[in-house]
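Presented as structure tokens, the chain that follows is alone, the form predicted on its own.
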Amino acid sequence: MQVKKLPIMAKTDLVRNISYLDALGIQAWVRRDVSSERSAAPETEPAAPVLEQTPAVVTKPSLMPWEQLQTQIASCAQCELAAGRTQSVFGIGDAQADLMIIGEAPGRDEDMKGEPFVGRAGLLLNAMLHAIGLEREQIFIANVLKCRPPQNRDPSLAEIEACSNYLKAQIEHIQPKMLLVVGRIAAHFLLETNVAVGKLRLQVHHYQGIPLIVTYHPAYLLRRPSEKRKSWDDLKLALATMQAQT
């Protein structure tokens, strides 16, 4: 697999990205110098230390060709969700991406379009990516579940288990440098924990040796705009962790 370097924003790009930071409800600041930046302390709460966790032992699914995986997901009927879907939602983006974003499950708009993170939550996710100099086409976006649960309810354990090997196969095929996990369901599944998202943030976890950052789901941020600043901190940690590997 050919490894592609992440784009580094030039100074001229900062003006353009101010509008995206505005979408996150974040005031843009101009960097002065390293010394002043280090001396500036957060006014609200200190940054949590970056911790590492030992990767969980997970049995890898057998790797099948990408096109075959798409076909299998499209025709999957391993759980009752298949009966009520418009279509399955495989995922979208670069199959050799450095960054992979993982959410919970398709909603109504995703079920209709066959693409993850569309609608208002998708627009906010786009703005979040723009703010760190990335486009949707440069990453891969997927969900734990490939079919929409009725009324957008939480997936059942049986549904997650029936669908889990598809996501594992996608991660194994893409081999991303970083996993950005949005929301409680995805975080709990990949980290095998019940710890709240707020306590999983600002740490570098690992999934099968891949650095993993947890943040809030864009749909949650739409309901709680005051939490956007926290997600911005998570994005900066994800970008710094990813760039440290190049």
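This is a predicted model, so every value here is computed, not measured. Note that residue numbering begins at 1 and tracks the sequence as displayed.
Although it is not shown, the form predicted together with uracil (URA) is what the next lines describe.
Can you say which of 160 to 168, 77 to 85, 127 to 135, 103 to 111 gets within 4.5 Å of uracil (URA) in the predicted bound form, counting heavy atoms only?
-> Going by heavy atoms within 4.5 Å, the stretch is 103 to 111.
Report whether the minimum heavy atom distance between His217 and uracil (URA) in the predicted bound form is within 4.5 Å.
-> The answer is yes: His217 has a heavy atom within 4.5 Å of uracil (URA).
Determine whether any heavy atom of Phe140 comes within 4.5 Å of a heavy atom of uracil (URA) in the predicted bound form, and answer yes or no.
-> Because no heavy atom of Phe140 falls inside 4.5 Å of uracil (URA) in the predicted bound form, the answer is no.
From first to last in sequence, which residues of 108 to 138 have any non-hydrogen atom within 4.5 angstroms of uracil (URA) in the predicted bound form?
-> If the 4.5 Å heavy-atom criterion is applied to uracil (URA) in the predicted bound form, 108 to 138 yields Glu110, Pro116, Phe117.
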